[in-house]
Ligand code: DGL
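Only one chain is shown below, in structure tokens, and it's the form predicted on its own.
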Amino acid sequence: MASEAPIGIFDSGIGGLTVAHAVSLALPNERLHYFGDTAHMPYGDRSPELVKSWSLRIAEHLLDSGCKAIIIACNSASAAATSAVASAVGPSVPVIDVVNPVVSAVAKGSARRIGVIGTRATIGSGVYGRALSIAMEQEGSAGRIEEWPTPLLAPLIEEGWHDHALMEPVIQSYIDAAGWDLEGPDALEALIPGCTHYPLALSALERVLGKGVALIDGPSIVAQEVKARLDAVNLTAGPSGQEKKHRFAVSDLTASFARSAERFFGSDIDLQHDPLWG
């Protein structure tokens, strides 16, 4: 696989564009081929078996388009399909999910009272709790990890309501339902936004949580992991003197998705329809 080949990245919708944006900043010489499976979103409400089957088909599609690495930019798909995708594409193609790099970074930090929010699929899988417990034990420490589903947040963000007045009371209601203490000796020290949509709502999350709770920047952590993995196998693209043209596609294109994509990626992008599913 040539280092000049693009990096494939997929999500159930356009939330993974937050990861794509972070990767484009960390690796400015790379081309990205992004696929958002908007025809099947949200993955968070689907069975693990369905999510795995769709993820495998998309990974195969990205490989067929010449991608040198695969980023699973969806927490639900990362929980359900990372091992299956890695086995399917083979050892020569790096597969990076959005759970394990974050878990590793958090386990090496100082926070030991950690909350996780995400879709029903991600939280129901228990992937963060199990992985963090193991990683912390390997670091010679232990912690309290509490996971709570927040299924309304991604649809609100996808709708462009991440700064809407409704966002804060919804977040507060979830914090209250989880029973999390934000002050005092048993307060949360860190929160993992376990959905790639959530970085767009960081301001609302910060206002609700206050300054005492560290919000984990998942996209930036994942971007550094991608860089490290590509460097390790000599697949990092060097400067070419030509403009890098990313490709952004979704399985079901609507005008609202095209507008939302600009918010997620931070610039104007040419969002196209990819008829993967016919």
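Source: prediction; values computed, not measured. Note that residue numbering begins at 1 and tracks the sequence as displayed.
As for the form predicted together with ligand DGL, it is not shown, yet the points below apply to it.
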* To do: Please run the contact check for Leu188 against ligand DGL in the model of the complex: heavy atoms, 4.5 angstroms, yes or no?
  => no
* Any of the heavy atoms of Met41 lying within 4.5 Å of ligand DGL in the model of the complex? -> yes
* Asked: Hey, in the model of the complex, is Ala154 touching ligand DGL, heavy atoms inside 4.5 Å?
  -> yes
* Asked: So, in the model of the complex, is Val116 in contact with ligand DGL at a 4.5 angstroms heavy atom limit?
  -> no
* Structure fact -> Here the chain appears without its partner; judged in the model of the complex, the stretch of 139-147, 116-124, 88-96, 166-174 with heavy atoms within 4.5 Å of ligand DGL is 116-124
* To do: Pull the contact list for 74-90: residues with a heavy atom within 4.5 Å of ligand DGL in the model of the complex, in sequence order.
  => Cys74, Asn75, Ser76
